[in-house]
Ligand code: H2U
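A single chain comes next, written as structure tokens; it is the form predicted alone.
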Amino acid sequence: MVAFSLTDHPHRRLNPLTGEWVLVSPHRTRRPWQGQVEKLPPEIRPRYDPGCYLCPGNSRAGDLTNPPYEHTFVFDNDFAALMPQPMEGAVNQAGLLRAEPVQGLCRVLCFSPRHDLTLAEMALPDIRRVVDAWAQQTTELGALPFIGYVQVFENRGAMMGASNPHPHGQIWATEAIPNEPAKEMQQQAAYFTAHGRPLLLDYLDLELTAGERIVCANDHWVALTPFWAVWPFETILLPRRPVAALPALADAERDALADVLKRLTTRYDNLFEISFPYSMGWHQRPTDGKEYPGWMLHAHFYPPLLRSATVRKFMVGFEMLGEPQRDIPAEAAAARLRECSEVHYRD
């Protein structure tokens, strides 16, 4: 019988946050074709774009005009996916055809007035302002009586569906707890009941001891490639203390968060020397006033690129019909990111 190896043999890894499995096939990285490593032409954007609906002073939909903002800027999404109006009624036919009305609010957060920047290229004080805006919006929206969860996220790059290159993210406040944080809520609560400690705090202790999946860290935060990662260069960002939501972060933790965000996103950009696409978002405690034992704040980064700036990972076939699958082991992906400089390639 062959001795099992995480680096050589196909295996499944459990995501304890969701209870779902991912298939890992490290032997496939030895296939003859690995995909050509290509570089795209440099992305050159102006500091200010008169045609951008997110730049200061420019027009938006509905005859609205942006103020001449100098740092962050938040506004209600002009094409919101959720509406705050209360509605009545529901559909339930034999428990199979179900629908219910839902309330919510969607906002856009411009990270900077400059059209040509990303988090990786912003100054630390300006990233700290973004962190503060995330926390402030969570507090403000979470206090509304019809809001149960506040989802902060960023889609970066056209490959991840960003409709505008201006540095920005979104905040969707929903009446119900969405699927992904709901799964994580159940798993974290079950672990806390069984062990008396937060799942992610114990997981972080294991990762700090092992070290092989750590990407970068400081006194308050650790960025690592999770053992169960699905996307090729996926990372998770964890606080060193079990804080539950963004508003609960202390000043030193917010400064350290700005630092680790810049360092991580710079490594991403340096990997293939492009403005690296990703979807990232915060999972934080729901705002409905209920107890959520064991819940710990964390951020997920899901980048699609696989082998180069132009070769991406697709979730198709077995992934859609069976379960997620990856070729590059999490340990190898973390090593690739660790090897990248924290000085941005454009500098």
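This structure is a prediction, so every number in the text was calculated from the model and none was measured. One-based numbering along the sequence shown.
Same protein, other form: the form predicted in complex with the ligand, not shown, and the subject of what follows.
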4.5 Å heavy atom contact, F75 and the ligand in the predicted bound form: yes
Interface membership of Y48, the ligand in the predicted bound form, 4.5 Å heavy atom rule: no
Any non-hydrogen atom of H168 within 4.5 angstroms of the ligand in the predicted bound form: yes
Heavy atom of A61 within 4.5 Å of the ligand in the predicted bound form: yes
Stretch in contact in the predicted bound form with the ligand, which is absent here, among 258 to 266, 91 to 99, 178 to 186, 156 to 164 (heavy atoms within 4.5 Å): 156 to 164
Contact residue in the predicted bound form, chosen from V108, L141, L199, I214 - any heavy atom within 4.5 Å of the ligand: V108
